[in-house]
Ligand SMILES: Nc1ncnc2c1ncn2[C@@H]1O[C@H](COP(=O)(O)OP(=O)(O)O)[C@@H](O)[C@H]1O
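Read the single chain below, which is given as structure tokens and is the form predicted alone.
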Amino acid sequence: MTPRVLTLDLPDEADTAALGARIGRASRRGDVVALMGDLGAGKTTLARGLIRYMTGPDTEAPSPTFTLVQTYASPILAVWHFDLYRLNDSREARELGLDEAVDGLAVIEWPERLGRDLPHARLEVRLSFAGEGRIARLVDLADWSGRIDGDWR
């Protein structure tokens, strides 16, 4: 099966956060959202938008760069926000509770650090710079294209 791709322009930070909320609305128990992109590309902004959609607009959602994982209780789904930037070996992810995140939604920054351990069924969100804004390329490796409106190709 060829993955379906949706490309979106994100002119500003608010649009990036809104995409996070849009992904949050489409999320189900056991989903994995893999956030890819260079430093500063908007991965944490998107994750914060998703988390605030799930938990409420006043939720503090710091980057888990140093804690490696933050968990959030939600009336919709539990959210596990992983930042794997500092991992040296994919085996370290097991110690963070990645396997336990299947009970909720796993949002993973720097998922490439997992290597072969990255779940195959996932939504990849590849963020890149475009002038002052960003471009998001969503790659459906599960069934996200049936849940998120857009011109998937």
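Residues carry their position along the shown sequence, with the first being 1. Everything numeric in this text was worked out from a predicted model, so none of it was measured.
In what follows, reference is made to the form predicted in complex with the named molecule, a form of this protein that is not presented.
Sort through 89-97, 38-46, 54-62, 113-121 and report the only stretch with a non-hydrogen atom within 4.5 Å of the named molecule in the predicted bound form. Only one stretch qualifies here: 38-46.
Give a yes or no on whether every one of 27, 31 and 32 sits within 4.5 angstroms of the named molecule in the predicted bound form by heavy atom. No.
Residue-level question: is residue 143 within 4.5 Å of the named molecule in the predicted bound form, judged on heavy atoms? Taking the distances in the predicted bound form, the answer for residue 143 is no, it never comes within 4.5 Å of the named molecule.
Taking the named molecule as it sits in the predicted bound form, is residue 10 in contact with it (heavy atom to heavy atom, 4.5 Å or less)? Yes - in the predicted bound form, heavy atoms of residue 10 and the named molecule come within 4.5 Å of each other.
Stretch 121-152: residues contacting the named molecule in the predicted bound form, 4.5 Å heavy atom cut-off: Residues within 4.5 Å: 132, 133, 134.
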